[in-house]
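Below sits a lone chain in structure tokens, taken as the form predicted alone.
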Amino acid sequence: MSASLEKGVRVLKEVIDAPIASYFSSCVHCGLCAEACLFYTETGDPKYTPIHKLEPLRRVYEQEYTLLGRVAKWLHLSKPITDAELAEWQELVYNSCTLCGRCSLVCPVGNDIVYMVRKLREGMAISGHAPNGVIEATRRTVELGSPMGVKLHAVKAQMKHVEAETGIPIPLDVEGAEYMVQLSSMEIINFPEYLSAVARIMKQAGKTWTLCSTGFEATNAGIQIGVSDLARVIVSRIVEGAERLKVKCVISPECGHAYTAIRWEGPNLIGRPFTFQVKHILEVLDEFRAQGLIKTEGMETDRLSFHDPCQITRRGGVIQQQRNLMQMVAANFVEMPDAGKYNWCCGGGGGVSANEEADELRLSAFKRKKAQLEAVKPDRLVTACAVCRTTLEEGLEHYQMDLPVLGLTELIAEHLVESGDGDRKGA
């Protein structure tokens, strides 16, 4: 056994905790998780059944922690995990799983399959069986500060562009602000209109806010590759920045796994509660709406639908907020089949969009989203995750569907009523 494989198997032994033991013990092999996975439904290949993706972890569990399994191992009646098997399973664990959680949602005995895949990825990554694209994204995040290699000077350049466009100063490292706004690399490079929208909304709401020079990037590649130690390093930058600036709330941007990493995983990763709140931008915008702090005018008359990002909606519980916001600006809002917590994944989360090896499979799986959209035929599609937005645009282009995709934050900002004269801004 090679040193890397030995280390990976040892990690798999260590990550098997009471929840995982109970999940494997309680699985009734019903197959419902297969019908919940877009990689299975769109290929029909049984190897993409979510519970099957966990086979290496299941074998380690049985061999190390069950009586019959330990006896079988002692008698050499069970096969040890090999490098070749982990190499084969790399596709199943990384290429065909976005950690979307739909399989966990439908499991009749409540098994959290996403939790188990995350644990399996720990051993896979340590043993050298993670895709190069995800490895490089993680390396750039740890060494440079972001998965796309975006540095602070790029953020400052965008700040200047937004200030010139809006006339609103973009605060950086302001101590005592109510909100610390996070960005993802996608928003900095591909969707700079997000920062402009936030600035305009914050101005109208009368809220103090700031960016953080040492913790501006929200994307957590450590969560995606499955290495908790790296995820902890990335989260710690945000926590240290927020506590240094003494902010009351950190706003996670339109990015699904960033929200999971800082909101739900963060305190466990650093081993203590935060001294600040964490909210998704949709939660903050809906609070502003409810408090009457933002005023909009005019309604979009196009037929609009909303794609619910998995980590924000299904895994994060942010479901009604985006619908409240859509009702502010959309006169013809239509829901897709399986909307809300049952929504189908875009196919790019969990590091899949950063993994070139998964491109063909991801585009095949996009047929599920294509069918959802064809059922309601919207004129434009709205979402609240930069990775979803990019993945959706790629899938739509591949299937030659002329359907513009936009972010909900910028849509709200386009309808803001400018204080004093009622003009619509950004339209």
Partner chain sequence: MNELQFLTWVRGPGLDIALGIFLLGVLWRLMEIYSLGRKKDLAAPRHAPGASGWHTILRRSLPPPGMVKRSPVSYIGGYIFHVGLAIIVFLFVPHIKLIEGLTGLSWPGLPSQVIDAVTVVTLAAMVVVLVDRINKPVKRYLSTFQDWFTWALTFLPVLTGYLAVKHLFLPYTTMLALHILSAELLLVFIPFTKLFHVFTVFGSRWYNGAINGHKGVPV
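Positions refer to the first chain, counted from 1. All values derive from a computational prediction rather than experimental measurement.
What comes next is about the form predicted together with its partner chain, which does not appear here.
For the chain shown alone, Gly316 is a contact residue for its partner chain in the predicted complex, at least one non-hydrogen atom being within 4.5 angstroms.
Gln322 falls outside the set of residues with a heavy atom inside 4.5 Å of its partner chain in the predicted complex. Taking the partner from elsewhere, Ser104 is found to have a heavy atom lying within 4.5 Å of its partner chain in the predicted complex. Taking the partner from the other structure, its partner chain in the predicted complex has no heavy atom within 4.5 Å of any heavy atom of Val11.
With its partner chain left out of view, the stretch that reaches within 4.5 Å of it through heavy atoms in the predicted complex is, among 270-278, 194-202, 325-333, 214-222, 270-278.
Interface residue among Gly292, Gly206, Pro108, Gly176 relative to its partner chain in the predicted complex, by the heavy atom within 4.5 Å criterion: Pro108. Annotated contacts: Ser22, Ser25 and Thr66 all touch its partner chain in the predicted complex [non-hydrogen atom within 4.5 angstroms].
Looking at 25-46, the residues that come within 4.5 Å of its partner chain in the predicted complex, counting any heavy atom, are Ser25, Ser26, Cys27, Val28, His29, Cys30, Gly31, Leu32, Ala34, Glu35, Tyr40, Thr41, Pro46.
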